[in-house]
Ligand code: NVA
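A single chain, nothing else alongside it, follows as structure tokens in the form predicted on its own.
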């Protein structure tokens, strides 16, 4: 049993399924417990946020707890004082730490030294809560979370890396459509391929990636902190735009997903984003339910240790 949720692979396969079912129970109203009653959660944000901040703070409140919004100005993590010391101090005050930041290593160090669970709300390497919300949404709409072709189009970023991590736990056909210059993290890709659970392909032709796909997924071409590369990446990834013409080679009932925020007219067209195949806003809603379930799962694990 893990203390933290920093990578999808921190949970076992059984824990992932249990967490998804718990999220479904929470969403349907079957789960009425308040496992965070009397607890304060430190929510550390070094990156701007709409979905992550609001879904976490709302979820903490719904589970009976309270949250503290902490910016980099309050805690210059690793600068004004060491991550070790900050982790030890926070552990004396709060019952859980959620952090959205740049450095994945910083989050790993925070988890290593904290005595309370740490949840990764996003790093430059991974975005595990997002992908857990995504696979929950796919389960709702398609009735299964395995034996599916997921076509991801765009930059090989933290979203791509997290899909690769999920592919080591659930059996997927993961087709990554990207340019030779925008590949996902090589070590994450290697581990996913060596796990042998899923079929993983890298495609430089978007139609090959999308062919017969159950789900087509995209993200902004230049992530937060990389906007200075926006023009360069747009040139590399232009042909990977998700549009109606591209969807013709996917399954007729294909579902389209985007983790948001979207740059409409670039990686995805309005016609697709607002069209009948889109489940983008169901996906956004499910961030709330899956994160509540992740936090509850971590607290259950903590009680068992």
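All values reported here derive from a predicted model rather than from experimental measurement. Numbering follows the first chain given and starts at 1.
From this point on, the text means the form predicted in complex with the ligand, which you will not see here.
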| query | finding |
| --- | --- |
| Non-hydrogen atom within 4.5 angstroms of the ligand in the model of the complex for each of 122, 159 and 259 | yes |
| In the model of the complex, the residue from 151, 220, 164, 96 that sits within 4.5 Å of the ligand by heavy atoms | 220 |
| One stretch from 23-31, 239-247, 64-72, 259-267 that, in the model of the complex, holds residues within 4.5 Å of the ligand by heavy atom | 259-267 |
| Residues within stretch 3-28 having a non-hydrogen atom within 4.5 Å of the ligand in the model of the complex | none |
